[in-house]
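Let's start with one chain on its own, the form predicted on its own, as structure tokens.
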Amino acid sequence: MTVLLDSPVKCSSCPIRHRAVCARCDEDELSILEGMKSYRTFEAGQLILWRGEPLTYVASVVHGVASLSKTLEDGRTQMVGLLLPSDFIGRPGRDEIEFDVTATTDVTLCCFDRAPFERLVDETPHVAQRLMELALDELDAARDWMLLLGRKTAREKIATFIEMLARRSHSENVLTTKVVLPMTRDQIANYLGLTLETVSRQFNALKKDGIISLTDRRHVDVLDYAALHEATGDDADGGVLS
């Protein structure tokens, strides 16, 4: 069920204020956005947008996690990305959405009707600049995703997934030690191109090595960030790995 909220959170007290599309806006620009926005909530598992559906609004994720996926003609579906708080849905200048967007957890969106938002982008450099930054961040994430799917081992994939969630959950540059997994093990397997059995085995292996602890199937405590990063296989300093 989609619910439109009558009393959206004020921009000044929004939890994604300094990370979302409005991050660079001054007070006057925020006032314009205040008059344009509406909040919509979606329950876990609910479809937010169909691929090919007319794009009547764009939005920032305020709370929760949504997935991006594409379905082939024979019915096979591949999850191709996650949308976390402050991520942007939709592309100004495009009439249709390119992916199926589904609420993985309960989701709250800050929505803007597409036509007036596109005019705002044309007239407001701060919004246009932030949109460009978000698009470039998404491009970097897509390149990292190519590396993960094409080269990383199962252990490296799971470690990268946990580290990504931890970094996106932090506040004021302080990494959180408690990570909430927004998906089931089966969904994680789909997302990372693994089997369900392999996902469970790698979580247990990281636990056995003292890198994480598992409160339950949806909550992970990171016990050793340095070891977790090492398990991702990423080169931290850009130099040659020995």
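It should be emphasised that the depicted structure is a prediction, and the values quoted were computed from it without experimental measurement. All residue numbers are counted from 1 along the displayed sequence. C-alpha atoms forming the largest set that superposes within 1.5 Å between two forms make up the rigid core.
Another form exists, predicted in complex with another copy of the chain; not displayed. Remarks below refer to it.
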- Triple contact flag 79, 135 and 152 to another copy of the chain in the predicted bound form, non-hydrogen atom at 4.5 angstroms: yes
With the partner omitted here, the residue among 205, 32, 181, 194 that in the predicted bound form has a heavy atom within 4.5 Å of another copy of the chain is 194
Residue within 4.5 Å of another copy of the chain in the predicted bound form by heavy atom, from 177, 190, 198, 38, is 190
Quiz prompt | Contact test in the predicted bound form: residue 217 vs another copy of the chain, heavy atoms, 4.5 Å | solution = no
In the predicted bound form, does residue 120 come within 4.5 Å of another copy of the chain, counting heavy atoms only? no
Can you check whether residue 167 is within 4.5 Å of another copy of the chain in the predicted bound form, heavy atom basis?
-> no
Checklist entry - Though only this chain appears here, would residue 92 touch another copy of the chain in the predicted bound form if you measure heavy atom gaps against 4.5 Å? => result yes
Per contact check vs another copy of the chain in the predicted bound form (non-hydrogen atom within 4.5 angstroms), the hit among 58-66, 182-190, 42-50, 207-215 is 182-190
| C-alpha of residue 23: shift of 2 angstroms or more between the shown form and the other one, rigid core aligned? | no
Q. 2 Å or more on the CA of residue 14 between the shown form and the other one, with the rigid core superposed, yes or no?
A. no
